[in-house]
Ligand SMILES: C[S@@+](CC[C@H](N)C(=O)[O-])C[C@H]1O[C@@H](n2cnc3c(N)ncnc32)[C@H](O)[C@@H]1O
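Shown below, as structure tokens, is a lone chain in the form predicted alone; questions about how it binds or moves come after it.
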């Protein structure tokens, strides 16, 4: 192997091949050292970002962001004292946050400040811009990387229930603010005739409900309706039951442990007016089987509301920051989850509306339209 500088231009030629009879490299590749170092420093920034996911979760769990939001410019000693943590940790955490521009640093006063816009994103759990849950699910997902490495070699899957608890808690914390902001006020009204049915008294299934955030929000908004939340993850269902009790909606909500192919009918003599799936269809091993089951238990004039991660139909549509995050989750979390189940269709987090339409059509639905979207979600209406 030889490396030479080309005419002093900063472009080097790296040769990993044999030379020709004339002595010239057979497969020389020109390397632009400026581009190389640009990539290296971008990678350094990526490592900092990877570590910062843990730092954000740390700051959230220790109350650092909330304290900074409440008290303004702060020294490490003040932050440590108020949060009852050790000053060396508070100091290094603040410096890392300043280096990443999450907080600002004033060299004259040696104090750190959380800007109000950042405080909203880091401390207001009801804001659609709330971010700690996003970092928490990311950190929990990365925690289980070795399992995914092993699964990629064997072709096996890795189930949702097998993941670190931060995945389950972070998922609910990330998606709930968006549901809180949009579900009742814009998504439900966008569905044809659904709001009127819910106000009058409808039967609703929330499939893949997790901790029940979406189910409880709907139950609070539409007290005349009745709701059944289901999920195959028993621990999540237990949490959902506890939260429904705390919210005072036990009289109109019940939760059951069941897969998307098994969840029960609303009543023996009635079918569902609305079936909802929030950010879960792409995780299922057999989404077509789930679609067929939905068709069996939904009323002939019923609506299937499918909320999926925002995605286009082509790879090039998703080569953006949101798509990058979702492709990462797809590789490490959602695709392994699907592969751990029967069929293992592995739609992927960035399936796109065309593939979702194919699933609903195969399940027996004839009408399909996209009715609402946010930077993170697309809302789809499917009808028989």
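Only a predicted model underlies this, so the values are computations on that prediction, with no experimental measurement involved. Numbering follows the first chain given and starts at 1.
We do not show the form predicted together with the ligand, though everything after this point is about it.
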4.5 Å heavy atom contact, residue 259 and the ligand in the predicted complex: yes
The ligand contact in the predicted complex: residue 179, any heavy atom under 4.5 Å: yes
Heavy atom of residue 278 within 4.5 Å of the ligand in the predicted complex: yes
4.5 Å heavy atom contact, residue 306 to the ligand in the predicted complex: no
Residue (of 216, 311, 79, 209) lying close to the ligand in the predicted complex, criterion heavy atoms within 4.5 Å: 209
Contact assignment for the ligand in the predicted complex, among 160, 187, 255, 135, heavy atom within 4.5 Å: 160
Partner-facing stretch of 146 to 154, 90 to 98, 281 to 289, 104 to 112, counted where any non-hydrogen atom is within 4.5 angstroms of the ligand in the predicted complex: 281 to 289
Residues in 225 to 256 close to the ligand in the predicted complex, defined by a heavy atom within 4.5 Å, in order: 231, 232, 233
